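Just the one chain here, laid out as structure tokens, in the form predicted alone.
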């Protein structure tokens, strides 16, 4: 479960941003995770409390947005979900495509005041 290590890194980054911007309180941290990334959202949720204990982020909420695995078909030029269609274009049945999104993992937002 590498999510624990990933979250420790995220928390370090957020704490640095909080310090740089002299923020008083953080309400939530919003992460974006691609459908095809190796990060499992439910593990993020379960590991989060351990990574923020004893920090100023202890009372913050973790939110995870799932980004779809969108692909561009090289045959017909249409965009489709590569994961739900098993890599086959539902419009023309071609398998030749370019992945546009779905592998991301990023901090989208730090809601603070």
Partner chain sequence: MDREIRILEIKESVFEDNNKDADRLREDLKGQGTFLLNLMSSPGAGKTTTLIQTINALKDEINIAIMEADIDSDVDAQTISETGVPVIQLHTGGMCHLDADMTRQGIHGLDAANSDLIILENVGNLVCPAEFDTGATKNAMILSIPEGDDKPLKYPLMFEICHALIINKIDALPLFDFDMEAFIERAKKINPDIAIFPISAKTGEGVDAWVDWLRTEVKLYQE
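Everything numeric in this text was worked out from a predicted model, so none of it was measured. Numbering follows the first chain given and starts at 1.
Missing here is the form predicted in complex with the partner chain; even so, the following discussion is about that form.
Interface membership of residue 59, defined by any non-hydrogen atom within 4.5 Å of the partner chain in the model of the complex, is ruled out. The shortest heavy atom separation between residue 32 and the partner chain in the model of the complex is within 4.5 Å.
Of the heavy atoms in residue 89, none are within 4.5 Å of the partner chain in the model of the complex. Although the partner is absent from this view, residue 23 contacts the partner chain in the model of the complex, with a non-hydrogen atom inside 4.5 angstroms. For the options 38, 84, 75, 46, the residue carrying a heavy atom within 4.5 angstroms of the partner chain in the model of the complex is 38. Along 76 to 113, these residues reach a heavy atom to within 4.5 Å of the partner chain in the model of the complex: 103, 105, 106, 107, 108, 109, 110, 111, 112, 113.
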